[in-house]
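Taking the form predicted alone, here's one chain by itself in structure tokens.
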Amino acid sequence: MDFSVVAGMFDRLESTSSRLEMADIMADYFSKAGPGELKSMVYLSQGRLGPEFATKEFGMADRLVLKAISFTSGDTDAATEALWFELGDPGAVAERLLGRKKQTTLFSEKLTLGRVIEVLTAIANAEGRDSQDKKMKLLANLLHNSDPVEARYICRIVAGRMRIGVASMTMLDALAIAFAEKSDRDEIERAFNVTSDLGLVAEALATGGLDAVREIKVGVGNPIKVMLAERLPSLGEILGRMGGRCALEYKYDGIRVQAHISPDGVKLYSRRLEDLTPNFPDIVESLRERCRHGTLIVEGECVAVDPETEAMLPFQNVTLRRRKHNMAEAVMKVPVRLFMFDLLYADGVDYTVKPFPERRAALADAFELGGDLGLTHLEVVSSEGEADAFFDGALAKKCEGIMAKSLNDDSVYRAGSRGFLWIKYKRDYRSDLADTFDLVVVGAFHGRGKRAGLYGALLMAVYDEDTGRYGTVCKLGTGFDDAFLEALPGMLEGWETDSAPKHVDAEMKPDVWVEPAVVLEVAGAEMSVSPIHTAAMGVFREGSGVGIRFPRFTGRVRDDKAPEDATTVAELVAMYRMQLDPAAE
């Protein structure tokens, strides 16, 4: 397949913001591709060479990409960089400069998809002292043989910003349209949720149909999409929802990890599929030495502890383990403990289909516990008084709340899904506004006074799972310390854009638009119907959305969450209804 076909698909996707139209476009292209080509198309559509959890970074910063463009086009580095400052996108720079120069290029050959994959793989694998020069020349070689549209997407892929807005859920829609029926989508999504590998699912569907998709099982090495919890405003309602009896667990303030253990070693994955194995070598060693199974998948929370008192420390402490250098020092300074709460797979047995009590019993027998390996504190309660006492105990232990889990026969592990089999209850629920929000930055405002020269406020949004779009909920300008404000431009670097991102709905116009990428935890005083914010538009009042009043940054950057994992419109609506005074509706 010529790469121009793939670039043409990307170009069509970029020209629409309709999720339905995007799914139809991809379905048309997918249905005409061979299985091997399909797999590569799926991965490239998300700017990767493979599944998210197993893909190497290309390791090319914008300026290195610009250098390759200059090398190919014959323009000076200064001229290329000036155009980049104007356009804000290396792909657009390549398209313009190479489009102008293309008529003088005599010795280029047509690019195939296979050739692009081969060279991109070489770029990702280039290591050593001269690796940056190797990467630049490999990219320049591709650009030499590309047309302007191909160059746009090649540069965006290696820079890590595709800008076509294809979410995993839209891709699943496309696969169902191309190779099955829309009614079969749930089965296709299940296969994705237990493997986190869209390419694998696409290839199985294209070659073996739904029967092959049904054969895709949970297995070590493929992280499972995490199960999520719902919210309710009181412990009494939680007990009522669960039939008057449930398990309560402490909700620890740490990093959620999924551990995959096999004879080949131990891998730790974050909830957004990052490989955290290098960050917790002590936990990896304990899991390897003290596991009583050959193969195992468990979930737990890594929590920082005080080395002297062994008291649990806030989330900000454990994030020091996410550094890339001086890990030995971090291990000494920030000891951690893994509190395990679920077992998903053991020695060929899929435990996700088993009830929670059976999973918990198997987890208790899976390890030699003690030291840095333990289980979440759990009690079974059957009265509101017992639940209230357990909640107070969790707060006394510096936990952020509790998790309630169903004990019924249907209490399976629903990978990638949210439901009332798990319900969270946090300290915030005893105040006017139930819980904090994980919001996505979609815009920034220039600072004034002491914040001059920096960003002073941010436009924040939530994610709509039904449409794949982001709606705004607040302008955030409080809770920032000087260190955060200094770091913010670097955090947003590469995501700024001159126009509103295609999947963002906003009435408020920031000074700088930002592609959805960065997630921050935000608290607020209350929610209200808002004529200037677009989240949940028309749900409570025609022409108005829901906004968060008096928002405040908690200090927690949720780099463990992708923008699609942020607070959703459905959650926002549910939380609004949970407010003590519903008269605002």
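Every value quoted in this text rests on a predicted model; they were computed, and no experiment measured them. Don't overthink the numbering: it's just position in the shown sequence, from 1.
From this point on, the text means the form predicted in complex with adenosine-5'-triphosphate, which you will not see here.
Chemist: With the partner left out here, check for me: in the model of the complex, does some heavy atom of residue 213 sit within 4.5 Å of adenosine-5'-triphosphate?
Modeler: The answer is no: residue 213 has no heavy atom within 4.5 Å of adenosine-5'-triphosphate.
Chemist: In the model of the complex, does residue 400 have a heavy atom within 4.5 Å of adenosine-5'-triphosphate?
Modeler: Contact with adenosine-5'-triphosphate, yes.
Chemist: Spell out, yes or no, whether the shortest heavy atom distance between residue 267 and adenosine-5'-triphosphate in the model of the complex is within 4.5 Å.
Modeler: Contact check for residue 267: no, nothing within 4.5 Å of adenosine-5'-triphosphate in the model of the complex.
Chemist: Does any heavy atom of residue 333 come within 4.5 Å of a heavy atom of adenosine-5'-triphosphate in the model of the complex?
Modeler: No, no contact at 4.5 Å.
Chemist: Within 4.5 Å of adenosine-5'-triphosphate in the model of the complex - does that hold for a heavy atom of every one of 249, 301 and 561?
Modeler: So, yes: the whole triplet contacts adenosine-5'-triphosphate.
Chemist: Could you tell me which stretch in 473-481, 223-231, 511-519, 86-94 has residues with non-hydrogen atoms within 4.5 Å of adenosine-5'-triphosphate in the model of the complex?
Modeler: Partner-contacting stretch among the options: 223-231.
Chemist: Identify which of 376, 80, 258, 406 has a heavy atom within 4.5 Å of adenosine-5'-triphosphate in the model of the complex; exactly one of them does.
Modeler: That would be 376.
Chemist: Counting any non-hydrogen atom inside 4.5 Å, which residue from 293, 337, 271, 321 sits next to adenosine-5'-triphosphate in the model of the complex?
Modeler: For this set of options, the contacting one is 271.
Chemist: Heavy atom within 4.5 Å of adenosine-5'-triphosphate in the model of the complex: which residues of 328-343 qualify?
Modeler: The stretch 328-343, when checked against adenosine-5'-triphosphate in the model of the complex, contributes only 341 at the 4.5 Å heavy-atom cut-off.
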